[in-house]
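Take a look at this single chain in structure tokens; it is the form predicted alone.
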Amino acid sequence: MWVTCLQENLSRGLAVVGRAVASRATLPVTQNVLIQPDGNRLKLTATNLEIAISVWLGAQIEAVSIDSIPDKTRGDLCPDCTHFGEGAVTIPARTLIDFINSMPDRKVEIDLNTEAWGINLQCANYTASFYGTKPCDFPPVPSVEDGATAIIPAESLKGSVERVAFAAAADDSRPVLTGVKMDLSESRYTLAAADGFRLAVDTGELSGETEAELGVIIPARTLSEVQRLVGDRDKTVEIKITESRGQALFKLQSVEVVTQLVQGTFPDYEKLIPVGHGTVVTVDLQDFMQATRAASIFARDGSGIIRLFMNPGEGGSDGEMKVQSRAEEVGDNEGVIPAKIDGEESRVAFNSKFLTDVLAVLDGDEVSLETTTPSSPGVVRAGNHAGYTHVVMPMFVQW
């Protein structure tokens, strides 16, 4: 028997690498998963040429000697094939994932079919044969061994990505905006994302100092994948950037993610953050979120506009913030929530989606909103995330 492992572990590992399987590809092998032993563990790898994910699973491995490969099949291997090791093969990912997920939680035994480049699989009373391709056909995953290295606490990076990545652009009209700018300097890191209408910036502490100051643009999708992969056993995430600034490696306890970096010049986001404000309103986060969601219902038929009115209290008492929306042919809505207001009475309008998006990624008790004029950007800050800043462009409306 070539490989023996638990169905639960194999299913979990396939789910991890399945995120990098190409859904549509001009290179069919990118719809496969590479299966290969690595010492006493089983290594699974998938790539769509932009991102590659590898995961290691505990397994019993019986080495396959290249001398045991039939001469005809062995001739298919490249002379310098780096994938073979103790045996390797690529199998269509979706079929394998669906089949393994349908199996009972028992031991899975896998035999390498070297005559047809496939595998024979058995789990409990079920057997299956999968036809694949030789390992030489699988695209090589870039090696990221040299270059700048930084180590970030896993929970810190996970939270920062959640608060920043959603603000990256979804379309490719400006490729640099589809990425997240990562700046590493001494013992701190900064993540920034913008789509032309909003900007999210978060800072945090590194686990030690980085070897060199640098800034790269990482695809937002890659960081979102890393965020999903961070588990309870991951204490830190090691990041390596190649000297050419072409690829980056994210290393977790049993998972590695290699990604192509976005080339180009990211906007100078520090200049986009307002340096002053006229009014600061502090409200309960849950109250603000509930009022915004209610207003979003009417905003759907009203160009997505939510109007905010900040009214200070008299005699030093707390004020209130009104959250309004209206649709000409549907109706209107108003929510009033208590607020601590520092400054003068003010008003501003935002896109309902942008406001809902930022409130949804925050936690804690309070959130503050800084405004200047109805035509100036608003700045959202989280009460328990001192390093977080979110800038939202206003909507121009008839008051």
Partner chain sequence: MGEGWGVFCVGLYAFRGGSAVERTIFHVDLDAFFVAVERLLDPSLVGKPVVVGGMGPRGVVSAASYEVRKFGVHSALPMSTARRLAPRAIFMSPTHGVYGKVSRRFKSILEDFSPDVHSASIDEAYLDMTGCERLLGPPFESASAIKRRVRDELSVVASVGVGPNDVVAKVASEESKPDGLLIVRGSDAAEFLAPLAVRKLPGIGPKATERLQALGIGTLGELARAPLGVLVRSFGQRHAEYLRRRAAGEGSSTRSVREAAKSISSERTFDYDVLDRDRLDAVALSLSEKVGRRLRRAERKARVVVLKLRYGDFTTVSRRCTLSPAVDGDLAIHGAASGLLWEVLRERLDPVRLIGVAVSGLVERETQLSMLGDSSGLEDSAVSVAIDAIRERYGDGAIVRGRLASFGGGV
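No experiment lies behind these values; they were computed from the predicted model shown. Numbering follows the first chain given and starts at 1.
Although not depicted, the form predicted together with its partner chain is the subject of the following passage.
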(message) Does any part of Gly208 reach within 4.5 Å of its partner chain in the model of the complex? Heavy atoms only, please.
(response) no
(message) Is it the case that Phe130, even though its partner is missing from this view, gets within 4.5 Å of its partner chain in the model of the complex, heavy atoms only?
(response) no
(request) Evaluate Phe354 for contact with its partner chain in the model of the complex, applying a 4.5 angstroms cut-off between non-hydrogen atoms, and reply yes or no. (result) yes
(request) Would you please decide whether Arg198 lies within 4.5 angstroms of its partner chain in the model of the complex, comparing each non-hydrogen atom pair? (result) yes
(request) Would you confirm whether the three residues Ile305, Ser375 and Met393 all fall within 4.5 Å of its partner chain in the model of the complex, going by non-hydrogen atoms? (result) yes
(message) Which residue, Gly264, Gly246, Gly313, Pro267, is the contact with its partner chain in the model of the complex, using a 4.5 Å heavy atom cutoff?
(response) Pro267
(request) Find the only residue in Leu184, Ile241, Ile110, Leu177 having a heavy atom within 4.5 Å of its partner chain in the model of the complex. (result) Leu177
(request) From the candidate stretches 283-291, 325-333, 223-231, 252-260, select the single one in contact with its partner chain in the model of the complex, where contact means a heavy atom within 4.5 Å. (result) 325-333
(request) Enumerate the residues of 271-299 that have a non-hydrogen atom within 4.5 Å of its partner chain in the model of the complex, in sequence order, or give none. (result) Leu272
